[in-house]
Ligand code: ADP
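Okay, so here's just one chain, in structure tokens, the form predicted alone.
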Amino acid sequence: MPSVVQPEVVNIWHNCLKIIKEHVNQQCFKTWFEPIRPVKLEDSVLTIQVPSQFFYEWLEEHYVNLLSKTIHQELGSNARLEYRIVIENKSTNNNSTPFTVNKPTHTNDAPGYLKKPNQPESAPKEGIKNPFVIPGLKKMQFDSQLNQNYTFETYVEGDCNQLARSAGFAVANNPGGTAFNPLVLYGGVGLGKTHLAQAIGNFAKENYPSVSVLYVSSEKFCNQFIDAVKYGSINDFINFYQLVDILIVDDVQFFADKDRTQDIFFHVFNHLHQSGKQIILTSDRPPKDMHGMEERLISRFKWGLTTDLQIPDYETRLAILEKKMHAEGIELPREVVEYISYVVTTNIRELEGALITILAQASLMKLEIDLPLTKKILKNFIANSQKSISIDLIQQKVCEASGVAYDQLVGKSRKREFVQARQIAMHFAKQYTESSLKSIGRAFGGRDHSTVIHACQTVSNLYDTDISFQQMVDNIEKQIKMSM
């Protein structure tokens, strides 16, 4: 049961917030200080609770002097600050781990500087420094190498990954007992393959404590095999991997052209599969496109389910950002979040990178985050996205949205719906490609540059005066961006 915070502690922190509010803009205050909760005050040490490790690190890096001066002003020069970081732990109740922050002993530091605390002690992780020791008769113990943050709860499902997520959840509930063995997850960089694969491992590990789970990158597997050859312990190496219940191998395409490694992995794969153990593989391409792989290995990769993770659509990107912000205790205007989701379309890593960039620059410039500032900060993201849009793509999306055939779009007909669709396509071609007006006109049935200029002016005028036309253009633009 949570302890009751003393009223005087609440009042002290309230006074601190009033001081802080005078030195930062409203958005920074709302994002980085409102989520903080006072915990206790003992011997001039004020303990405050922050929602995450990221949150704590950001405060320490950007607002450490302000916090220190504020605490000193409110509690005196001997006052110190202690952070309590909320860490979710499913094996116990939601506990918090304290991080003590002290003034440094060296005198040359700026007044009020708060020293970065040491991380809390935890049980040492042995890793897989030497996996080549044959385990004893009892269940072997080793670090699964899983990232505890990669769970199904933190994984956002959308049309782009629905099948992969559903298959992964089925495997996690019944490892080795489904037809999805092996489960091969493939897709481009930053689309969540590693997250989903490790989510399976974390779920199985939590719900089936007796099951041994191991996550390993293909590069690490190769290096371990090289060491096994070097020290004459190949049999121990094989025995270790054959005793794993759930084996997750990341970026398996890197086994290409490594014949001896492939041969060893083939034997490990066969043994695990025949023993009813679960195998999960990730790759940047489907098995059929894994050049440099032995055919017998590729055929085994195809035994189970191969499913891809695609670039997330707009709605999924929006959900990913909202979940990220909620986890980190961040609040932004809705229109800003929608805009980020709208223009950053490549992968999840760049989406999260865009969010961090906006927060960092706005904080450093001490500006409130709004839509104009967001557009300014993300102009490079947008520029990079625009370069990937072609006239062909624009024509395709306009045809799909308007119901006009391609031949009608580039033809000579002056029928109203054909002309309007043609003008919209020309408008987007000028806006989103680097093609000259002459090149754009040529792509629309050999028209001249003056026709393109007239089309752009017509679209602009109608957009400002006709709401239904505006909605149609906005919808087409969204479809173009979501197809990149």
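All residue numbers refer to positions in the sequence shown, first residue = 1. Source: prediction; values computed, not measured.
Another form exists, predicted in complex with this ligand; not displayed. Remarks below refer to it.
Contact with this ligand in the predicted complex, judged as any non-hydrogen atom within 4.5 angstroms, is confined among 238-246, 404-412, 205-213, 342-350 to 342-350.
Interface residue among N161, S218, S363, S144 relative to this ligand in the predicted complex, by the heavy atom within 4.5 Å criterion: N161. Comment: this ligand is not present in this chain, but in the predicted complex one of Y314, Y155, F254, W303 has a heavy atom within 4.5 Å of it, namely Y155. Put simply, L371 is far from this ligand in the predicted complex: not one heavy atom of it is within 4.5 Å. Within 4.5 Å of some heavy atom of this ligand in the predicted complex lies at least one heavy atom of Y150. Remark: L272 does not count among the residues lining this ligand in the predicted complex, judged by a heavy atom distance of 4.5 Å or less. For V189, a non-hydrogen atom is located within 4.5 Å of this ligand in the predicted complex, even though that partner is not displayed.
Contact annotation for 310-325: a single residue, I320, has a non-hydrogen atom within 4.5 angstroms of this ligand in the predicted complex.
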